[in-house]
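Next up is one chain by itself, shown in C-alpha cells, the form predicted on its own.
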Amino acid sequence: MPENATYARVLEYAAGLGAEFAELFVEDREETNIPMAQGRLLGVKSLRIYGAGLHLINGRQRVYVYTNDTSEESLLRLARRGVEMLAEKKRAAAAGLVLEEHIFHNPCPVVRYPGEVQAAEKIRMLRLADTAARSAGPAVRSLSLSYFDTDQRVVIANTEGLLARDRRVTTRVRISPVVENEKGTYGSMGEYTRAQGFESFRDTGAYEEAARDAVCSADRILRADTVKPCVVPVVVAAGEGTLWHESCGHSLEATAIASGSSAFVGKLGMQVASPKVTLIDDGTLAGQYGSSAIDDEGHPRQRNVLIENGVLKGYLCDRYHGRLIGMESSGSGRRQNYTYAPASRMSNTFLAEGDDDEEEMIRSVAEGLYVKRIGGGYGGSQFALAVQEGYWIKNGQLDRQVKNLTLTGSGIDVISRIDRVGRRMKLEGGSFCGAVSGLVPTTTPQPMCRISEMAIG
C-alpha cells in the first residue's frame, strides 16, 4: 500500500483543485474459494482485489473514481479527473495536510489468518463436512460444498486529517444438498459463517452439525404440507431477525430517507411501531459478521438506536447521504470493495429483548404460523420474505410443518403489530446484504417475537 505521505499529497492536491472534501479508500483483499461437488474437489481458487477509490464531495454534489494502480502518479491523475467531473467546484487552499492516525479496536480478533493455513487443511475440513452431511439420515441425491475465506486490509484517509486502518477476516462453508424421498426431490442451502479466521473450524462438531442440519432441513421441507394464503398471527423464532432487516432496516438507511422513498421520512420523534419495539444497529458487537473497527469511511463503528419503545430515534447515515438530510455519520458508510462509493448500510440489526414468555406466544394462538427459519427476500416500503422452515400452529401447539410460504406486507404497518417480544436473544451466523454499494456482511439476531396478524402468501 502507498505510504502515508502519498495519501496526504493526493488529498492536498484534490483540495487545491477545488474539492471541498476528499477521501481515499485503499484496499488489499485476498479471497479463497474451494468448491467440492459429489465428493470431488473442483480446484482451489484464489483472488486478490487491490486498488483505491477517491470520494469527492462539494455541497450536494459528489464524484467517485477508482483505480487499481495505487502509485502516487496514478492517484494524482485520479484526483484531477475526479475534480474535473465535480459540479460547483470551489477553489480551496492547498495548505500542508497533516494526517493523524487513529487506532480503533477490532471487535472480531483473529487467531489463525486464512493465508497462513495450507489448502490441504481446508480441504480436509470440507471432506469432514461432506461425510457428516451424507450420514445425516435422509437420502442425499447430490451434495455441493464450498469453502470461502476473506482477508481484507483497508486504509482510509481524508482531508479532515483522518488516517485509519482496519483488517477484516471472515470464513464460511456453504452446504447445498438435494435430498430425495417418496415425495420427490428438493434442494436447499445452508451456511456455517464466522467473523473469524480458520480457528472457527476448531470445533469439528459445530460445522459438521451445520452440514447435517442442511440435509435434514431439506428432507423435512420436502415432506411438509401447504396452506392457503391467509392473514394470521405469526411467531418468529429467536435468531431470525431478517424480518427486521427487510421490513424496516433498509427504509431507515439515509439513502432511502434522502431519496424520499422511505415511509419513515419526517417521522423522527414519532411513534412508528409497537411500544414493544426497540430496534438497534450495532457494528461493535464482538464476533459478529457485520462488525468491524471502523466503517468504510474511517468512522468508528457504534451502537445506533433506531427505534426506542416504538418511537423513531434516528437513521443510519454515511457521510454524503447524512449531509443531504442534515445528519452526522452514524458509522454506517459501507461498501463491497474499492470500486463502490460508500452508502449507508446496516451491520448487525436486531430487535432488543423484551419481557414476554416465549411459550405463551405459541400457546395463546388458536391458529397461525411459527417461522423457524427465514430464507431470502427483498425489503423497502413493501417487503416479501420466503419462509424456509415454518410450522402451522393449531390450538396453541405446533401442528405440522408447512412449505412454499411468503411473508408480505408494509414494514411500518407490520412493526406496529408486534404484540410479544421474548426475553432471550439468539445470535446467528450472518449473511450478505446487497444494495447500492454492493454486498456487505450483516447479521440479524433477535429474540422470539410475535406479530398479531400478518399476510401469508
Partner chain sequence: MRELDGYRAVMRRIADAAEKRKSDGHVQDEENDLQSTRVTDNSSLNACTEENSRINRYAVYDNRQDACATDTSCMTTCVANDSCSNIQCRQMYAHIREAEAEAEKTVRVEATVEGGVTRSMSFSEKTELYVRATGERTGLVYTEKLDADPRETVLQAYENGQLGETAEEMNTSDCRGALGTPCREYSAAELNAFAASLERELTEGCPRADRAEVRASQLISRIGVVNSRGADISGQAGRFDVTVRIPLKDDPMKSYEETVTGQRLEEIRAPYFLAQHREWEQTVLPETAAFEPGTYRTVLGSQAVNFILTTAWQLFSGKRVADGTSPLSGRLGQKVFADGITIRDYKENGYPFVIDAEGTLCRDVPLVENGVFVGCMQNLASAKLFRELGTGGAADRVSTVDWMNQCVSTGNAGRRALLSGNIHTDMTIVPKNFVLEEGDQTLEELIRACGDGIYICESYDQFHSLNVVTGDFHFPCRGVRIRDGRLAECLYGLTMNGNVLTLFADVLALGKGRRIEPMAIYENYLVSGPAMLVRKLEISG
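On a predicted model such as this, the values are computed, not experimentally measured, just so you know. Numbering follows the first chain given and starts at 1.
The form predicted together with its partner chain exists for this protein as well; it is not shown, and the discussion that follows is about that form.
K.L.:
Within a 4.5 Å heavy atom cut-off, is residue 402 in contact with its partner chain in the predicted bound form?
P.N.:
Although its partner chain is absent here, residue 402 would stay clear of it in the predicted bound form, with no heavy atoms inside 4.5 Å.
K.L.:
Flag residue 104 as yes or no: does it have a non-hydrogen atom within 4.5 angstroms of any non-hydrogen atom of its partner chain in the predicted bound form?
P.N.:
Outside the cut-off, so no.
K.L.:
Given that its partner chain is not shown alongside this chain, does residue 78 nevertheless sit within 4.5 Å of it in the predicted bound form, heavy atom to heavy atom?
P.N.:
Within the cut-off, so yes.
K.L.:
With heavy atoms only and a cut-off of 4.5 Å, decide whether residue 326 touches its partner chain in the predicted bound form.
P.N.:
Although its partner chain is absent here, residue 326 would stay clear of it in the predicted bound form, with no heavy atoms inside 4.5 Å.
K.L.:
So which of 268, 111, 123, 139 reaches within 4.5 angstroms of its partner chain in the predicted bound form, heavy atom to heavy atom?
P.N.:
Only one option qualifies, and that one is 123.
K.L.:
Looking at 366, 85, 206, 286, which is the one with a non-hydrogen atom within 4.5 Å of its partner chain in the predicted bound form?
P.N.:
None of the others qualify; the residue that does is 85.
K.L.:
Spot the stretch among 327-335, 180-188, 353-361, 310-318 with residues whose non-hydrogen atoms come within 4.5 Å of its partner chain in the predicted bound form.
P.N.:
It is 180-188 that comes within 4.5 Å of the partner.
K.L.:
Suppose contact means a heavy atom within 4.5 Å; in the predicted bound form, does that hold for all of 4, 192 and 280 with its partner chain?
P.N.:
The answer is no; none of 4, 192 and 280 reaches its partner chain.
K.L.:
Heavy atoms within 4.5 Å of its partner chain in the predicted bound form is the criterion; list the residues of 391-409 that meet it.
P.N.:
Those in contact are 404, 406, 408.
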